[in-house]
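Shown next as structure tokens: one chain only, the form predicted on its own.
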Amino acid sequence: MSSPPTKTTKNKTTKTAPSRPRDHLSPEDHLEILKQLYLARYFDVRLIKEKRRGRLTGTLYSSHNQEAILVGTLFPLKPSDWISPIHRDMPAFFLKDMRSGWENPDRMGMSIEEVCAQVWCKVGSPGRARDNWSHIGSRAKHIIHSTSMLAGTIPVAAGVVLADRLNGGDAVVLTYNGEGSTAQGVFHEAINFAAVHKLPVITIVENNQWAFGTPLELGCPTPDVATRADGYGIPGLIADGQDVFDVYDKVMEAIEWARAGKGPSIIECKTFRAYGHGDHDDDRAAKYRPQDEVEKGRSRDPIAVCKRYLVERGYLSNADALAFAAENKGAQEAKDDDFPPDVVAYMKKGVDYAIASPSPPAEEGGMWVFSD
């Protein structure tokens, strides 16, 4: 978002390539990012398998093939920053502030036990069995409660950081949306408000090409959703949603812009939805999406893209890159051996906790419904 620095020599002045945000990450950070991609993928794989085994009810919204967006947007944040996830971002609830330690009870993110209890509708879940998926949040962890009305969270996010700014804070908020939500009036009203007041709202558009069953061209008149930012005089960035480090770079640019008091931005992450809108839509999706389009959309697996980059940089050996081969495998084909053991163990802890937990008592049915 700024001009590259200049380098002056005796005879001429030339521009040098600016360092990318990723270049300031340590080798350990790079490997942690890969491990978080594995974890987001395994969360998806394990729950799909549990559903097919009959051990889980309710609707699942897969984030398969979109993990680079989740990890790449969350990794740059401070613990005190806010997020506003949507239904396809379920791993975001426990990935937030993972840099502070997976087992750190004080980190600013939900535990895997809480999230799995939510999925299984058990005691210990934030929603107390009122939903099995993402309609949860945590003021203490700086997670805005999710809603199915995409784009409707943007004005809420704007209000959260407006209050933070009035209280002297420097938090930013990432609000996640699908490309279809950019056609709604509330999307434009909220971003206009954020732009006028220069609020640090970063709108992440997960452009997976399909708004439920509506293709992008029937919901947006331009090929790039990010160009909607032009009307508000704010940056509109486009990230390769399959490349976790490109997503990281774009989000870091937007964060620096926001913390400098320059206001909001839109980041379009181009990706592809691997399955149906939800598992209830898988059979229908196979009819409204051509098979060759699906194969092309899933051809650049985020885990494979990340591995290649790490090998090129010398952070990962070829042998280690081949050790766990989760990439390019659907939920049916992937096995536990395709993932690092600590990833499998972390998810197992959450699943075991949820299955062993009781359901809330029936007397709770009226809780949060009526007020005396």
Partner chain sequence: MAATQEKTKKNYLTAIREALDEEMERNPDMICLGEDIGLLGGAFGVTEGLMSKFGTHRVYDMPISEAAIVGVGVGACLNGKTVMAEMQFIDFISCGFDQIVNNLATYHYRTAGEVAMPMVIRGPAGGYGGGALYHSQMNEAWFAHSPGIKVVCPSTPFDAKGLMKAALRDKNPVLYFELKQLYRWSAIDEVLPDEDYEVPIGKAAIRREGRDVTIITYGQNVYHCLDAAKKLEEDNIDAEVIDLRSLVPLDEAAIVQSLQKTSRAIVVNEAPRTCGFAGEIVARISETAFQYLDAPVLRVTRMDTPVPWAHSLERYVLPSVEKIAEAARSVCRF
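Positions refer to the first chain, counted from 1. These numbers were taken from a predicted model, which means no experiment stands behind them.
Same protein, other form: the form predicted together with its partner chain, not shown, and the subject of what follows.
Just one of Ser146, Ser111, Asn208, Asn177 comes within 4.5 Å of its partner chain in the predicted bound form, counting any heavy atom, and that one is Ser146. Of the residues given (Ile86, Ala274, Ala158, Met98), Ala158 alone sits with a heavy atom within 4.5 Å of its partner chain in the predicted bound form. Between 177 to 185, 69 to 77, 98 to 106, 238 to 246, the stretch whose residues reach within 4.5 angstroms of its partner chain in the predicted bound form through a non-hydrogen atom is 177 to 185. Remark: Arg139 counts among the residues lining its partner chain in the predicted bound form, judged by a heavy atom distance of 4.5 Å or less. Its partner chain is not shown here, but in the predicted bound form it comes within 4.5 Å of a heavy atom of Ala362.
Interface membership of Arg130, defined by any non-hydrogen atom within 4.5 Å of its partner chain in the predicted bound form, is confirmed. When its partner chain is considered in the predicted bound form, Asp164 lines it closely, a heavy atom lying within 4.5 Å.
For the stretch 267 to 288, the set of residues having any non-hydrogen atom within 4.5 angstroms of its partner chain in the predicted bound form comprises Asp281, Arg284, Tyr288, in sequence order.
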